[in-house]
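First, one chain by itself in structure tokens, the form predicted on its own.
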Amino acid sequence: MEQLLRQRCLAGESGDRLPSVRQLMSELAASPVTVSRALKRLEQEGLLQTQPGSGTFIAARKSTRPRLDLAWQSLVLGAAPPAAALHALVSEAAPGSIMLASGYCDPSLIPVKELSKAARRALGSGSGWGRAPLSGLPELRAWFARGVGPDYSDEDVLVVQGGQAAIHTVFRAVTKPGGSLLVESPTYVGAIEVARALGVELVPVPCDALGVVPEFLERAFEQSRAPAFYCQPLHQNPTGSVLALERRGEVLDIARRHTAFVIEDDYARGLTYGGAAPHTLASQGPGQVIYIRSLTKCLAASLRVAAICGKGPVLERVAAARVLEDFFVPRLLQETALGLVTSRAFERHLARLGRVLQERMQTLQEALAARLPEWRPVVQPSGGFHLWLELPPGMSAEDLSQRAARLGVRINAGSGWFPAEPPGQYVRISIAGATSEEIRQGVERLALAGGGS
């Protein structure tokens, strides 16, 4: 339906008025929600222009400009930095595509009303445009500290602009060019790209459905003498695994024996489907763990507010590294975040978010079982956005993702999540950016792309 409307816009003349939503519903046999969503997307693409009280019109075409010869820039810039996989991950999909690769919630999962209310309060206070403390607002730091564990206070917290910035800052603080860093295998592609950009050698540590395997972690520390181990103990990206309770103490003991840090990326805090999530690793190992938590995944993509928590000289080192990137997170953004996370609306939002994500995950797994039963889920997720699937022998994940893109559905080939050669062919499918109906449609297209029944 959206494609039909797009073709109408491209074929029509600038200024032509579109039929009303009611007329389009009848003409296209679609619901009002579906029609309104399609019109909104076309407006975002610049094909339509809404004039309140008058209707919706085909927008004026953008004038074409002469093409510049920019080939000389390749000579100046040299070889491209190792960030292609991360750039592909966050780049926008082709118009009309079903997003089964998104790491951010779609608009229906963002608490717009609550965020707007918190933002208005922040604007009304008049203080939002002033300078924020380098470490962040004390009240926001205290809130983050309470979520880490009882041994933490606001003095142990540094507020930064999003989880990706936090990873970059921590890696720069604790690693050295030419040094090494232990990571789960597979692991978050953004962490892989940051380490490579810093000239750090990644040492992959195998994982299973219960998280990192302690025996392999011990061996990796012995062989590498790495200063730290980066991990995501809660709803790991991409596998969705949760580090088993019986392994948590063992992981910390291994790091202590080798005088090393554990970097805990708690990006999925707030994304558990039901029940209470396990306590943080940092609560079990104060001083041993450098803790990262972002609000972006559970609230909104543009709420770029995160925290780095640690004790002792490491936090001073992190703070010094961070100042080279930016001085502080905008105070207006911090006050907005603080206003929301300290309200009762925040817990209500998280409860709804967990329910919807669980429904979407169930829809995805049921659709895959019916249409692509040979695609094997590696872990049964209890939270988060992702389902990690091993493909049948002989199938290429890269070829599959390209064929899927041509059919209008976007997924992630799994090779980018491995710091070394992948042991098989995997894909990551995300439920964050697609409704249940879009997920069903996406799996139908994947069946065509993957040769399903």
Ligand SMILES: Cc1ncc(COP(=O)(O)O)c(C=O)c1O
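For clarity, every value in this text was computed on a predicted model and none was experimentally measured. All residue numbers are counted from 1 along the displayed sequence.
Just so you know, the form predicted in complex with this ligand exists too; it's not on screen, but the next bit is about it.
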* Heavy atom distance at most 4.5 Å to this ligand in the model of the complex, all of G162, Y188 and N237 -> yes
* Structure fact -> Of the candidate stretches 354-362, 263-271, 200-208, 130-138, the one with residues having heavy atoms within 4.5 Å of this ligand in the model of the complex is 263-271
* Looking in the model of the complex, any heavy atom of I167 within 4.5 Å of this ligand? -> yes
* With heavy atoms only and a cut-off of 4.5 Å, decide whether F229 touches this ligand in the model of the complex. => no
* Give a yes/no on whether S241 approaches this ligand to within 4.5 Å in the model of the complex, heavy atoms considered. => no
* To do: Give a yes/no on whether S180 approaches this ligand to within 4.5 Å in the model of the complex, heavy atoms considered.
  => no
* Option touching this ligand, based on a heavy atom within 4.5 Å in the model of the complex, out of R248, H349, R304, R331 -> R304
* Name the single residue among T280, T296, T175, S224 that comes within 4.5 Å of this ligand in the model of the complex, judging by heavy atoms. => T296
